[in-house]
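Take a look at this one chain, the form predicted alone, written out in structure tokens.
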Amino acid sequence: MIFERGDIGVDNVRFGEQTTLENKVLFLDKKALITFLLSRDTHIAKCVVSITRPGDSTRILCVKDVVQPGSKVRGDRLGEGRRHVLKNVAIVTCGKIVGYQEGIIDMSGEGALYSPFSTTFNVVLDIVVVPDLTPRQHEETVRKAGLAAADFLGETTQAVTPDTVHPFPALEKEPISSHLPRLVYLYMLLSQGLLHDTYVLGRNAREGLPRIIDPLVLLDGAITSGNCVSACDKNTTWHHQNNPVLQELWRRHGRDLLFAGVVLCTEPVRLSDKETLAETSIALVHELNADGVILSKEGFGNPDADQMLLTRGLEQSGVKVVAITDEFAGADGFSQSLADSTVEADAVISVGNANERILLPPMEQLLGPINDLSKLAGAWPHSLHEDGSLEVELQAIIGATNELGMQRLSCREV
């Protein structure tokens, strides 16, 4: 069995009388999209649709999620057949803050250097909900609208020949005898309640995890975000759809490593739950006969303890671990950067210091709820200067220190 992903590049996105893809230009019928969204959910009071392009003098505020448009063109089940995606087009949902940890996307200037979504054509949905919804209903409404809009645009890919088709064959069910190391991906998903949730196959990740899961299902869109965590290390739905760890393990499978499978686990709140989850997750890793583990996470603080418990247990049981994390080391970089640590964590990849401060230039266009700007995590009451410039921590920028490694920060030896 082979799952294929067909990537379709777009050169421009414009409003038009029909929603169609012609000669690499995506035309969007704005009225039809709004009608479609309003007909699906009576909790939406108003939806303003905008388009942003790389290089625009535009700042998108209070971003909740980012979703890649696409559609299944062959096969009925997740993890089989073919899915076409618009490679460089994104649905960006924004709206009034419910959980304060939302974020910013700048399409140009200094801030654009830190977010992958400054390089995509973005269809921005600024959604106003009806009065008296609970915070959970509010967030559910906005995020489901983003997923629905991604399906709406994804229909344009059905009859298009992709620029590139990437085949992903199923992993071998039986261990292969080889001198190559067997690597397992231990994929941590933030699901703590209180608007800090992730969904797997439509269910809250707090239900039924940890578990071994077919990585083909993940590549086919099994995970969606429901998180109001800090923007810098929020794994949006887009990040899950394009997880670079998964794709790199597949690319190198049979060459310099054997990709043995994926274990999904959560990041619970109570210490007893963390200990139980770590023990169960480690047992699942051993079921896959792992020599080593790549361990990614989402969020900071509380999830640091989960990552260290897993690292300690795996290393002590003979499995080597490489962990990916960001840091909150203070604006000067001299504070303790993680909430927890262990001596066994001797191979850790840092994707950046989220407390680093940055001055963002004024923008000609602001999209989203401007009045909520100072409530963003990484901002403060006087972040907005009189000239329209904005001083924030990297924490406020969507994807700036993404812990799947899908960000634009890098390092060099000095």
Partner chain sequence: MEHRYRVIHCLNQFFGGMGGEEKAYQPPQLFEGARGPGMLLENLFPNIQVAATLVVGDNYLADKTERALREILALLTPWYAAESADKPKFLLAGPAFNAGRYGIACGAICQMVQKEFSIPAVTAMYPQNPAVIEYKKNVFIVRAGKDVMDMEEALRNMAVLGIKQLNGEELDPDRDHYIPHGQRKNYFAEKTGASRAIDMLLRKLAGKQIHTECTMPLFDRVEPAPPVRDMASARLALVTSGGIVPRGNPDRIEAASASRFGTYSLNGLSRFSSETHQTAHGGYDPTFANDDPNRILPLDVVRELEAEGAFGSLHDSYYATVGNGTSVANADRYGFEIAKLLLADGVQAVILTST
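This one's a predicted model, so the numbers in the text were calculated from it and none came from an experiment. Positions refer to the first chain, counted from 1.
The same protein also has a form predicted in complex with the partner chain, omitted here; what follows describes it.
Checking Glu315, Asp197, Asp126, Glu140 for any heavy atom within 4.5 Å of the partner chain in the model of the complex turns up a single hit: Glu315.
Contact with the partner chain in the model of the complex, judged by any heavy atom within 4.5 Å, is made by just one of Val348, Met363, Leu28, Val49: Val348. When contacts are judged by a 4.5 Å heavy atom cut-off, Gly405 counts as touching the partner chain in the model of the complex.
Remark: Ala159 does not count among the residues lining the partner chain in the model of the complex, judged by a heavy atom distance of 4.5 Å or less. In the model of the complex, the partner chain lies farther than 4.5 Å from every heavy atom of Ala396. Contact annotation for Asp256: at least one heavy atom lies within 4.5 Å of the partner chain in the model of the complex. Exactly one of the stretches 52-60, 384-392, 352-360, 36-44 approaches the partner chain in the model of the complex with heavy atoms within 4.5 Å, and it is 352-360. Of all the residues from 197-217, none has a non-hydrogen atom no more than 4.5 Å from the partner chain in the model of the complex.
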